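Single chain ahead, written as C-alpha cells, the form predicted alone.
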Amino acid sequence: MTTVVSKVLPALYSALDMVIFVRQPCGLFQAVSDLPAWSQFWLKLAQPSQSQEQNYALTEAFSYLSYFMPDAEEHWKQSALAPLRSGPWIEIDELHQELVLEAGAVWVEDKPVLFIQRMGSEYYQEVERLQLMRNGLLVREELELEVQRRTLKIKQREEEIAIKLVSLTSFRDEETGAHVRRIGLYAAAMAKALNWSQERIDDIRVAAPMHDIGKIGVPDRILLKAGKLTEAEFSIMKRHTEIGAKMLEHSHIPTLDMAADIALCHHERWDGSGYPMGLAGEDIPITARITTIVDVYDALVHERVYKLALSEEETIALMLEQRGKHFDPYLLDIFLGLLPVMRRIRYQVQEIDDLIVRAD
C-alpha cells in the first residue's frame, strides 16, 4: 500500500498542478512534493540562504499569503480536516505572464499542511461565466427598471384618467379635484402601513378617488338639493353606489375591479347599518372600509357650500364616536396613527389648486 501511495501521490499533485508544504516549528515551510516548473522562480526568492534544501519563507515570495496566514494558523489550531482556501490571486512571473494561484490550509496526520495550486484555464472560464452572469443580471435589472418606469407611467395615466372621470361629477356637485386626489393619497398611505404590495398600493391610489363616480347617474334635482332629502329622494341618491359599480365592473382590469368594489361598498358600515346591501364587518371589502374612513375625514375638515370646515380635533372626536359602528376599529386605529401623514397630504393638495365648480 505504501508503494502504491508513493507512486500515486506525485502523479496526483502533478495533475492538480500544486505544491505541498508542511509548516515547520521555526515558521518556514518544507516542500514535501515535487516542485512544478511554475513555482521555482518564486521559491528561489523564498528560500533563506542559511536554510536547508526545500525550506521556504513563503510570505516573502507571495505577499498575498501574509493576509491568509492568520486564518490558516487559526484553522490549524482547530485540527480541521476540511481545507480552508485563500481564494485566487494573480502573480506576474519572470516572463511577465499572469499566473493565477490559490492556497489552502489543512490538517493532515497531526501536521499543518499548506498547498499552493496553479489555477488553469478553468479559472478563466469561471471568470468568464461569472462575467456573463453579471452582464445578464445587469441587463435583467435594466429591463426590470424599464418595466417599473413604464408601469409607473401607466399608473400615472390611469390616475389621471380616473381624476378626469371623477371630474365629470364635479360639474354637478360640490366635490373638487383636490378632494378626490387626496382620497387616493390617503388610501395609499394606509395601504402602505398595512404592508400591501406596491402594485396594490398603486391600485387603491387610483381606485379610491372613483368612489362617487356613480353620482353622474343621480338627477340634478336630488344631487344639488340644498335642503334635506326626502326618504324617496335619499333612496334614489343611494343608488349612486350601484350605478358606480356597474360603470366599473367586469373590466378584468385590477384597478377598475377594485374601484367597482369601493364604489359599491363605501357607504356600508362596520355594524351593518349602511347601504346598499347592509354588509357588516369583514364582509365589506377592505378597500371600501379604508375609503370610507379617509372620505369622511377629508369631507369633515374641509369647507363645502353646505357646511363649514371642522377642526381636526373635532373631526377626530366625531370619528372616534363611530369606532366599531361606522368604521372598522382596527383600520381607524391605523388611520389615527398616520395623522401626521394625512395632515401633510392635506397641506400639499390644497383646494386653491383646483377650480371648485358649484351650481348657481
Partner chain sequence: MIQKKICLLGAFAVGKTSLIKRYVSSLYSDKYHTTVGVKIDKKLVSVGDKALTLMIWDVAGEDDYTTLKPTYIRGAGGCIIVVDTTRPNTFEVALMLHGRVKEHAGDIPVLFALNKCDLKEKWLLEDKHLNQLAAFQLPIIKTSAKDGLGVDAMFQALAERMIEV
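Only the largest set of C-alpha atoms that superpose within 1.5 Å between the two forms is called the rigid core. Residue numbers count along the first chain shown, from 1. Just so we're clear, the structure is a prediction, and the values are computed from it rather than from any experiment.
There is another form of this protein, the form predicted together with its partner chain, and it is not shown here; the text below is about that form.
Picking from 317 to 325, 66 to 74, 330 to 338, 24 to 32 the stretch near its partner chain in the predicted complex, with a 4.5 Å limit on heavy atoms, gives 66 to 74.
In the predicted complex, its partner chain lies farther than 4.5 Å from every heavy atom of residue 157. At the 4.5 Å threshold, heavy atoms of residue 85 reach its partner chain in the predicted complex.
Its partner chain is not drawn, but in the predicted complex it has no heavy atom within 4.5 Å of residue 253. Using a 4.5 Å cutoff between non-hydrogen atoms, residue 131 counts as a contact of its partner chain in the predicted complex. Proximity to its partner chain in the predicted complex, defined as a heavy atom within 4.5 Å, holds among 137, 147, 95, 81 only for 137.
Core-superposed comparison between this form and the one not shown: the Cα of residue 195 travels less than 2 Å. Taking 2 Å as the criterion, residue 104 counts as shifted between this form and the one not shown: its C-alpha moves by at least this amount when the rigid core is aligned.
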